[in-house]
Structures are given as structure tokens and as C-alpha cells.
Ligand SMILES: NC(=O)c1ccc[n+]([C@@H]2O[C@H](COP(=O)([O-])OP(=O)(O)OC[C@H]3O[C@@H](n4cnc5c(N)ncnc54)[C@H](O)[C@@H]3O)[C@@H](O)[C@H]2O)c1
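Single chain ahead, by itself, as C-alpha cells, in the form predicted on its own.
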Amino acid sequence: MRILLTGAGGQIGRDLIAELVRRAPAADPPTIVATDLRPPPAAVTADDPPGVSWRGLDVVDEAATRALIADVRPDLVFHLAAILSAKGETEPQLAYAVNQTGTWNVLEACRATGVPRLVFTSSIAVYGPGLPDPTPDDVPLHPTTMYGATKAAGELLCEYYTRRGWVDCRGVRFPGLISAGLPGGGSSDYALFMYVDGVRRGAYEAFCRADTRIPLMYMPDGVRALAEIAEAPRDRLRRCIYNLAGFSPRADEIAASVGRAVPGVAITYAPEPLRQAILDSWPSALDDRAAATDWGWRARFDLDAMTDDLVPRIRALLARTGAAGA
């Protein structure tokens, strides 16, 4: 199978590549073309599995996007390229270009070149204030950020292309994702900073209130979900976009879990109005029964299980990059 990833240098890409290789039959490994605006240097990609290559791609460039997809002729595309919520509010024009125009360009290139299947990554940012708890898949979408608005539009485009029979699009609404890497500009990054700065510095001042509660997910569950929905038979899927639920702790509950694994860590709170407003507009918890029913989705990690797995990974990352104690 030939697989192409856009935005593969971001938070999800490297973990998804590893998951796709792990799941493939040993006798038939996938050919994976990972693309990003600026691919990682060779020293970083040297340990990639066989069959993985990197190419530069700006999804805002329509001609380049179509030419690359026509050259690769993938059987499956994972569209990950996006500007996240916090950065999108400081650079809304860039967020619109990448998230809106870029998604259109990728979908059109897939349609024009006969790519059969695309997996789209959406977000809880498509929601707005006044939500039921937990929030189901089908409620009015009133996003309060450019990121959320463009993701909501991307969902509708995916539904349109699927309905027209042009591309089989399916996707997920991710909670805030946490992985053993550096934060990537999302409003949920306070959770990851608790771990990274908790290990690195022994302290962190969160940009949210202690009682902030949003849905979160550990990255191993996230990339497994992408692989599972990609593999799901189309006739099992009653919709294009599915909620995914992981766990929904308060910020101070995350801090307590970090403190269990990093004794003596000091986590304080200094809410930033813009990012706190974004967080307050998101669901407190998600209802993902549709995903469970249609393709058997179930998260495996809760908060403490994530902490037990994540803290050693962050220690190893900081030791490897020389960032410990920075």
C-alpha cells in the first residue's frame, strides 16, 4: 500500500508513521511518503523504517500539491497539515490558507488523480460555548477560533466529496493530544507543558485556571484511532467525522498525576485571557458512542496510565536532546 501524509513533521506524523508500519503485514510493508513544509533533517529521519521517505510540500500551493499526489499515486492520504488554535489566533490569515485552502487543494488533488481514501483530522475546536456534557457528534457547531472555523469547513468538505463519490473521506474530532514531544501551538498545550517543564525544570506556570477541564487523549490512542478508521469498511461507517473521547481531567488533576510521577514538582496557574476563553468554549467531555458502535473504537489510556508511560519518555527525550534542566 502507498500512503501519503501531509503535515507529517507535526505532533502526530512521526507517531502515526510508526503505527502504520507496526500494523502492516511483515511480508507487505507500506510505502510511506511523508510530506511537510520543511521536512526534518536527515539526521532526524535516519532511523525511520524502510519504505519511508520525506518530501517537501506546501499544501497552500495548488499546483505543487496536485503534482506530488499525481506522482506518488497513494492508495490512502492522511491529511494532517494544519495551523493550530493558539497560533491561528495570532496569524488567522495563515491559518485560513493552510487549513482551508490547503484542505481544498488536497481533496481536489485526490479527486483529480483518483486517490480512493482520505483521513481528515478535525478537532474539538469545531464546537462552541453552551454544549451538553458530554458533547455528542451532532450538535450545532459555533467555533470561536479560525482553527475551529476552518476545521468545521473541512469536515463539511469531506462530507461533500464523499457524498459526490469523489473520495472516500473519513475523519475524527480529536481532543487535546498529548505526546512525548514539544508542544505544537495548541491551546491544550498546558497539559503537555505540565509534563515537559515538570520534568525539565521541576515547575510550570499554566496559562489556564486550575478548574479548566477539556477532553484529552494520549497520542498512542490517537494514532491507533487514525489507523483504525482508515481500515474500517465503508459500509460500517454511518458518518464521515467521529468524536473521539479519551479522558477529561481538570488541570489540577493533571498536576496531581504529574506530581505522583515527579515528586516535588510545583505547578501554578496564571490564566491568559485569550487561551482561557478558547478552552472555555470547548466541550468538557465528548460522547464517542458512534465511533464505538460503527468501528469498535475504545481508548486504552486514562490519565494515570498516560502519566506512567509518558514521564519516562519525556525524560529520555530531554536527555537525548540535551534539554534537561534548560
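All residue numbers refer to positions in the sequence shown, first residue = 1. Predicted model only: the values in this text are computed from it and were never measured.
One more form of this protein exists, namely the form predicted together with the ligand; it is left out here, but the text below deals with it.
Trainee: Of the options T145, T121, T212, N105, which one has a non-hydrogen atom that comes within 4.5 Å of the ligand in the predicted complex?
Mentor: Exactly one listed residue reaches within 4.5 Å, namely T121.
Trainee: Considering the ligand in the predicted complex, which of D287, D48, D58, E272 comes within 4.5 Å of it through any heavy atom?
Mentor: If I apply the 4.5 Å criterion carefully, the residue I get is D58.
Trainee: Within 4.5 Å of the ligand in the predicted complex, counting heavy atoms only, one of 203 to 211, 109 to 117, 145 to 153, 131 to 139 shows up; tell me which.
Mentor: Selected stretch: 145 to 153.
Trainee: Would you classify Q11 as touching the ligand in the predicted complex, given a 4.5 Å non-hydrogen atom cut-off?
Mentor: Within the cut-off, so yes.
Trainee: Verify the contact flag for V77: yes if a non-hydrogen atom of it lies within 4.5 Å of a non-hydrogen atom of the ligand in the predicted complex, no if not.
Mentor: V77 lies outside the contact set for the ligand.
Trainee: Counting only non-hydrogen atoms and a 4.5 angstroms cut-off, does P175 reach the ligand in the predicted complex?
Mentor: Yes.
Trainee: Is the gap between A81 and the ligand in the predicted complex 4.5 Å or less for some heavy atom pair?
Mentor: Looking in the predicted complex, residue contacts with the ligand include A81, since a heavy atom lies within 4.5 Å.
Trainee: Any residue of 97 to 118 with a heavy atom within 4.5 Å of the ligand in the predicted complex counts; write them all down in order.
Mentor: The stretch 97 to 118, when checked against the ligand in the predicted complex, contributes only V98 at the 4.5 Å heavy-atom cut-off.
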